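Before any questions on binding or motion, here is one chain by itself as structure tokens, the form predicted alone.
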């Protein structure tokens, strides 16, 4: 057994995910974020970016009437989830989204770049994915909507965080307990989407 497989076997959230039928341990990150910030409301529409294998979509579907999941990789079907296979950085994928949804109440993104092992490059790619996730949020979110995205902390992080603050009334960076201790990932939770955002209305941590 590889060292990684052994570590995963003994990981609390990995074991709990298997026990509860979740597709990924990352489900617990979203559960913890929702518990703290109240991300979802019943009867809403959610867009889930970087969705495969479906761990976040499973949680979102417990609240939302509709979840539109997007990933470059395939995903097994889930009840009340429409899956679109596509790259969130490509315009064609936006067109596919438009064929399924006009407005969303929540846009969530757990998208991550392929890890190269060169942190500066990986962090820049993480921000690049977040930029595209934010652009999708700006396109589809209703006034007052919520945006959540994973980002790697580093040189480009503060500028992206400021960009989010200009579009939302409340912005909170948060590391859920389910994130691995050695991880540099952090989640940006932004509520109260304001089209053409105004800086003076922003609250942040």
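Predicted model, so just to flag it, every value in this text is computed and none were measured. Residue numbers count along the first chain shown, from 1.
The following text describes the form predicted together with a small molecule, which does not appear among the structures shown.
With the small molecule left out here, work out from 22-30, 176-184, 138-146, 162-170 which stretch has heavy atoms within 4.5 Å of it in the predicted bound form. In the other structure, the partner sits against 22-30.
Non-hydrogen atom contact residue 47 with the small molecule in the predicted bound form at 4.5 angstroms: Residue-level check for residue 47: no, no contact with the small molecule.
Can you tell me if residue 123 lies within 4.5 angstroms of the small molecule in the predicted bound form, counting non-hydrogen atoms only? Contact with the small molecule, no.
Using the partner position in the predicted bound form, report whether residue 98 sits within 4.5 Å of the small molecule, counting heavy atoms only. Looking in the predicted bound form, residue contacts with the small molecule do not include residue 98, since no heavy atom lies within 4.5 Å.
Counting only non-hydrogen atoms and a 4.5 angstroms cut-off, does residue 53 reach the small molecule in the predicted bound form? Contact with the small molecule, yes.
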